[in-house]
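Consider the single chain below, provided in structure tokens and representing the form predicted on its own.
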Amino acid sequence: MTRARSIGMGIVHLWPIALLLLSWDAWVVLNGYTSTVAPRPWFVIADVFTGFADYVPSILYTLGMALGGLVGGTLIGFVGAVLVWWSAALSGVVTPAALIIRSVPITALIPIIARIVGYGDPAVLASTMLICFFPAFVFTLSGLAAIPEAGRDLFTVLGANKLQVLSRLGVLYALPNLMVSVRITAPSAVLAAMLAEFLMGTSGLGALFSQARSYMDMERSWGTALVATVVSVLVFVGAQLMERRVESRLT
């Protein structure tokens, strides 16, 4: 009985998705749109399930690029924040560069990135890393800035050098903030990977979406958008679980 009730509660919690699908279908029907303008949700879902084997390589490619960019961008942001915390001279170099990178839209940077690292996989990965870099930089820096003066003074009295303060005290304050940036940035990493694939890639969900639009296969293009949404949600949930696991280990 408890199992049946939990299943029933799970189904009840899916009402927003059902409402969204019904609203989508009503919007298409009431406006009299043809499938070349806006397909009905049932046809899109049918294309995803019947042609899922065609989606799998693109999903794996985009997911790999998103996760690679997320890890790489997070590491670069962490290192950049440590450099700023470590030295005022380095802060004068790293901080303006980070602000400039953050201020320029990624769509404007992608052609420049492609000219520097080359088209295809390197450009997609580099674009994703740029999106993930700045949040990790800011959140890590805020964590390092939150180190209490009392704790820093205690380490100094005990003869600890700056590296020991960073490894034994700074990481404890920076890591939870860093995991928050990972949770926030994870869905954006999928979006950044898809955008780079759409503009200059030959693989992935972005390229699949571009190809489907070129051939006016609207069920496939809308299906790609639907799959990308699901992938983004799953990546966010995974990052959230990882954040909770890290917090539980530190507390």
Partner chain sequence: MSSTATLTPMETKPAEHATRTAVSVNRADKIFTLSRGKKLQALAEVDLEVREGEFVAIIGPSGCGKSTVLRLAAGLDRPTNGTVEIFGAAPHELATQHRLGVAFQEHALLPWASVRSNIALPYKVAGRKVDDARVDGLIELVGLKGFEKARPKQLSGGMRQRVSIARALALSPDLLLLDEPFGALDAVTRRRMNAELARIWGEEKITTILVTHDVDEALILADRVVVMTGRPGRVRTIKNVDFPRPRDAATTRSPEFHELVDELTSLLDANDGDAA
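Everything numeric in this text was worked out from a predicted model, so none of it was measured. Numbering follows the first chain given and starts at 1.
The protein also exists as the form predicted together with its partner chain; that form is not presented, and the subsequent description refers to it.
> If contact means any heavy atom within 4.5 Å, which of 121-129, 74-82, 137-145, 150-158 contacts its partner chain in the model of the complex?
Flagged stretch: 150-158.
> Using heavy atoms and a 4.5 Å limit, would one call R168 a contact residue for its partner chain in the model of the complex?
Contact with its partner chain, yes.
> Just checking whether Q164 would be counted as a contact of its partner chain in the model of the complex - the rule being heavy atoms within 4.5 angstroms.
Yes, Q164 is a contact residue.
> Going by its partner chain in the model of the complex, which residues of 232-249 come within 4.5 Å of it through any heavy atom?
Contacts from 232-249: S248, R249.
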